[in-house]
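Quick setup: one chain, the form predicted on its own, written in C-alpha cells, and binding and motion questions come after.
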C-alpha cells in the first residue's frame, strides 16, 4: 500500500508517519521508485503500537524507542520484552526516604511477593511503587500490614490470569503482543478503578438504604 493508504487505514496523518520514519520508529517501506515506497501489515501493526505507547501509555519518544528496540530484537525473550513495556508505561517512582519506616514497607512488599509465590524481578520498580503506597498509608495512620494487601493481590492475580494475559497474542507478532499489553494494562486498569468506585457508591446506597438520586 502507498503511504496515503497507510495513513487512511491507520488513522495517522501522513506528516506524522514521515516523522516516525525519520525518527526510526517506523521501519522504511519497500522502495518502488526514487520517491515512492510500499507499506504492509507490519507497518500497520507498528503504527498501532506507536499510537498506543504515545496516546495511551503517554511515553516520550526516547522511551518508545527503547520499547521498540526490545520488540525488534528477536534475541530478547518475550517475557523480557513484555517486562520492558510494563516498566516503561508504569509511573515514575519517586526517590524513597531512607528511613526505617520505608525499609519496613519495602521489606513487607518483598515478603508479600514471596508469600504469593510470584516470580518478580528483585529490581522491578513496581516493588518500590507498592512500598510507597504502604509507606503513605502508614504515615496517615492506617493499619496497613502486608496481609491487608492479600485480597487485592488475589483479585489481581485472577484478573490477570483469566482475562488480561489471555488476550495477549503470545504466539503472534511481538508488536501486537506489546500493543495488547499496553491497552490491557492502562485502559482496562483505568476501567477497573472506575468500576470499583462505582461499586463503592452502590454498596454505600445498599448499606445505608439510600436512593440512587440522593
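Residue numbers count along the first chain shown, from 1. Because the structure is predicted, anything quoted here is derived from the model rather than measured.
The same protein also exists as the form predicted together with the DNA; that form is not shown, yet it is the one meant from here on.
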query	finding
Candidate site 102, 122 and 133: all three near the DNA in the predicted complex by heavy atom within 4.5 Å	no
Residue stretch of 159-167, 144-152, 177-185, 33-41 approaching the DNA in the predicted complex, non-hydrogen atom distance within 4.5 Å	33-41
In the predicted complex, the one of 189, 60, 172, 27 near the DNA [non-hydrogen atom within 4.5 angstroms]	60
Partner proximity in the predicted complex: residue 4 to the DNA, non-hydrogen atom cutoff 4.5 Å	yes
Proximity of residue 202 to the DNA in the predicted complex, heavy atoms at 4.5 Å	no
4.5 Å heavy atom contact, residue 48 and the DNA in the predicted complex	no
Close approach of residue 196 to the DNA in the predicted complex, 4.5 Å, heavy atom	no
Members of 1-30 lying within 4.5 angstroms of the DNA, judged by heavy atom, in the predicted complex	2, 3, 4, 13, 14, 15, 16, 18, 19, 20, 22
CA-CA separation of residue 50 and residue 193, closer or farther in the predicted complex than in the form shown [shift of 3 angstroms or more]	closer
In the predicted complex, whether the C-alpha atoms of residue 179 and residue 55 sit closer or farther than here (change of 3 Å or more)	farther
